[in-house]
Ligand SMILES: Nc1ncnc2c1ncn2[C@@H]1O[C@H](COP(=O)(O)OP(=O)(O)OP(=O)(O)O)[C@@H](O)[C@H]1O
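First comes one chain, alone, set out as structure tokens in the form predicted on its own.
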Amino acid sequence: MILMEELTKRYGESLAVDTLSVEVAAGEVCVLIGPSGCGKTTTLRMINRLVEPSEGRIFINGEDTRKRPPELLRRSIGYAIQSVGLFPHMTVEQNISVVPSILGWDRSRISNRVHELLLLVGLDPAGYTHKYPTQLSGGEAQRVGVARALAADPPILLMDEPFGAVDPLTRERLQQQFLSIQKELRKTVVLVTHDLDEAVRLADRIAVMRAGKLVQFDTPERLLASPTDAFVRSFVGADRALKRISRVPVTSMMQPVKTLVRSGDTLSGDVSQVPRFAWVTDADGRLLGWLDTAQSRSPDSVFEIDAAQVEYLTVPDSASARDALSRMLGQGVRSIPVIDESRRLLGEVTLRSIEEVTAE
């Protein structure tokens, strides 16, 4: 989809990007990362010709980007940046509509697209279409920025520190939402970040840059397991094992868990086959609470848990092994249940299973 071939950018005597060659496959998320000033943002901007290369070529689907007028090229590439860049005098709807309007879409098609994209990024169209950027939180503005980048349904999305200007909790939620969107849309994404944890979480492949040169281009797993040299080894840090398990889904190490089923005023299930502290579900497998079987086997003794407690005591099936480990350490337990979006209990992850992964 995107081929950067011997790409070089000079500013006078300064070499910002030095003979960079990278190929990004269709539907792949490629993350550019490295120290400040390493050339990652310059590289990103050369893809849509906001910066013109001094040497080298960029091909998109086999076509040299120099053969297309820059303005036409940019209309086919989504672009999201850290500062969002929303037009302050325009509503959310008008901001998202900019490129479709330039492309001549009719009003009905644009309205439907805005509605669809706001839902996609987790914002209620009824509550947000007529808001102005000053009425949005940082996280909401970032979501609108992503929606605007996706407005014309471009096959390529360029993202420059897209989640860098928000607090850590909002950043994590935006990252998770990006993964959900990417799973559905499968865009070809080139993303710049200085955050290695973000790169490991989001990327299919990571390009580590230093002083304008490509040092290593690999999958997150191989990058963490086998750094090319001392620079990369230092850059990824001593906690490489922890970063590696952030790529391992809990569903890949999940084990069956024996439960008791509560139906009305009765409990069913073989109590002798469950641990002392047994999880209790309803007939559809949805988690209701837990029971200390050594104290009682009465349905009245079930410790019922509300939504907030469920979030604390479990991990979702979209979580990583690192998420599960963090939750276990926080609670001081050696296993944690895994649930789906409907609160159905799918299984559990144990500390032993995570230890086995980190030992590989």
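In case it trips you up, residue 1 is the first one in the sequence shown, and so on. Note that the coordinates shown come from a computational prediction; the quantities given were computed from them, not determined experimentally.
The discussion below concerns the form predicted in complex with this ligand, not included here.
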Note to self: Check residue 293 for me: does it contact this ligand in the model of the complex (non-hydrogen atoms, 4.5 angstroms)?
What the structure shows: no
Next item on the list: May I ask you to check whether residue 41 falls inside a 4.5 Å heavy atom distance of this ligand in the model of the complex?
Entry: yes
Check: Using 4.5 Å between non-hydrogen atoms, is residue 186 touching this ligand in the model of the complex?
Finding: no
Item checked: Heavy atom of residue 16 within 4.5 Å of this ligand in the model of the complex -> yes
Margin query: Give me the residue from 316, 70, 299, 35 that has a heavy atom within 4.5 Å of this ligand in the model of the complex.
Written below: 35
Margin query: Can you pick out, from 161, 197, 218, 93, the residue that has a heavy atom within 4.5 Å of this ligand in the model of the complex?
Written below: 161
Next item on the list: Considering this ligand in the model of the complex, find the one stretch among 323-331, 306-314, 41-49, 57-65 with heavy atoms no farther than 4.5 Å from it.
Entry: 41-49
